[in-house]
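We begin with a single chain expressed as structure tokens, specifically the form predicted alone.
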Amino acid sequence: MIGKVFGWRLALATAIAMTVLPAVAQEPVKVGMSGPFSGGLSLLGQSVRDGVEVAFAEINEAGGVSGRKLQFIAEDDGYEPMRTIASARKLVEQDKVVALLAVTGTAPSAALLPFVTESKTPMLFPYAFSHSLTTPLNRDVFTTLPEVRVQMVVLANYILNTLKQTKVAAIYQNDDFGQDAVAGLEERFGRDKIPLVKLPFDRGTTNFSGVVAQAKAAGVEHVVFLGIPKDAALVMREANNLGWKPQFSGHNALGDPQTFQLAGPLAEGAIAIAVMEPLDSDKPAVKAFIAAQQKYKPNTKPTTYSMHGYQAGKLFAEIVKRAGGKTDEASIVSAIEGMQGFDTGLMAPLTFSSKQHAGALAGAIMKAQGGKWKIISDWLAAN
């Protein structure tokens, strides 16, 4: 009798285990993001978030990854680094996310470096361009957007080798971002022993008459503007008021559609670095992204920011797939470091290794033509 009871209990336990184990295996993969969903940069944060949500919705509808759905948890940090750290800690320690994905903002992303190292939580593909994210190499930090120093080497090569211009000024935001950008320009111009006129301005400046007049007086033929599109438009207007028409160029932010809205026809002919395909590209991957956002978030507008978020979401799914469904830190890191020349169709092919966590070291040249930004070059390596 005892043997029968024991056997019955064993069979019941086995049946329960067989019922429970598949449910555990199907638990979703949790991924977290911190970004500015309120405040002055809310459009940026909300757009990146939209893109990730679209990618995950598309992936989950197709069955998920390795039989598991992806769950996305986003926290608002208002672009305040201290709030970013608090958000990340909550996501990791309470929500148990396996990675921080598409954290938005250069300063917030940089502020997370100590926590990422301490917690051994992968920070993947932030919307940020800081040199500090890639140098020195951090085991758990991987980027796709080429940092601004890389962008400036690509731009300087184009200025010197294609445009054949050597009288160049950098009108730049005098902060970590602007100084990083100027360092990239100086590194490339320095190789040819060509001087660079450096004209800094403080964030919040509304009167650019001084720096523009200085650039004109220096006989500059090309102005590299390093700041937000609103300020670029003010510089273009000031130059126009002086009857001065230099060639304008800038980092990827200059190539935002709002530059046309702010500067009007004065933006025509300007050059910017493309880090991703423009929204009006004919590339199939771009059209697929726009169609997906229209399907899963019909009340939102596709932007280059949401394209970045969408790519980040798709890349994360690819990583989990390559890791065989494993989502521990070591498996994620190993899967990413094995990516070589991976082409998303939305930007330059990505290559990672154990010694290189900056996936893209290239950019393309785009030009303002007919009220649109058009890519006029191949993806150019920073060399």
Partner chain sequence: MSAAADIERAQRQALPFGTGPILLGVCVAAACAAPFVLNGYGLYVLNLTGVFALVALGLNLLTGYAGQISLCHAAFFGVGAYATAILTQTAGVPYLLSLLVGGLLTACVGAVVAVPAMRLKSLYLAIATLGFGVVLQKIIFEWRSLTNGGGGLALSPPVIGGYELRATGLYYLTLAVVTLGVWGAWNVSRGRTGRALLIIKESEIAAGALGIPAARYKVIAFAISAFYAAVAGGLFAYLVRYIHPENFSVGLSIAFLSMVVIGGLGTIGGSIVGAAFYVIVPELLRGIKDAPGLVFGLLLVIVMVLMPKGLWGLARRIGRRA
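It should be emphasised that the depicted structure is a prediction, and the values quoted were computed from it without experimental measurement. Residue numbers count along the first chain shown, from 1.
We do not show the form predicted together with its partner chain, though everything after this point is about it.
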Okay, which stretch from 82-90, 186-194, 305-313, 151-159 lines its partner chain in the predicted bound form, with non-hydrogen atoms inside 4.5 Å? 82-90
Report yes if all three of Gln46, Asp76 and Ala107 come within 4.5 Å of its partner chain in the predicted bound form by some heavy atom, otherwise no. yes
Using 4.5 Å between non-hydrogen atoms, is Pro28 touching its partner chain in the predicted bound form? no
Quick check on Gly39: any heavy atom within 4.5 Å of its partner chain in the predicted bound form? yes
With a cut-off of 4.5 Å between heavy atoms, is Pro265 one of the residues that contacts its partner chain in the predicted bound form? no
Gln94 near its partner chain in the predicted bound form, any heavy atom under 4.5 Å? yes
As a check of understanding, the residue in Thr300, Thr134, Gln179, Gln165 with any heavy atom within 4.5 Å of its partner chain in the predicted bound form should be identified as Gln179
Interface check vs its partner chain in the predicted bound form: of Pro257, Gly210, Gly269, Pro114, the one with a heavy atom inside 4.5 Å is Pro114
Do any residues of 193-208 have a non-hydrogen atom within 4.5 angstroms of its partner chain in the predicted bound form? If so, which ones, in sequence order? Arg203
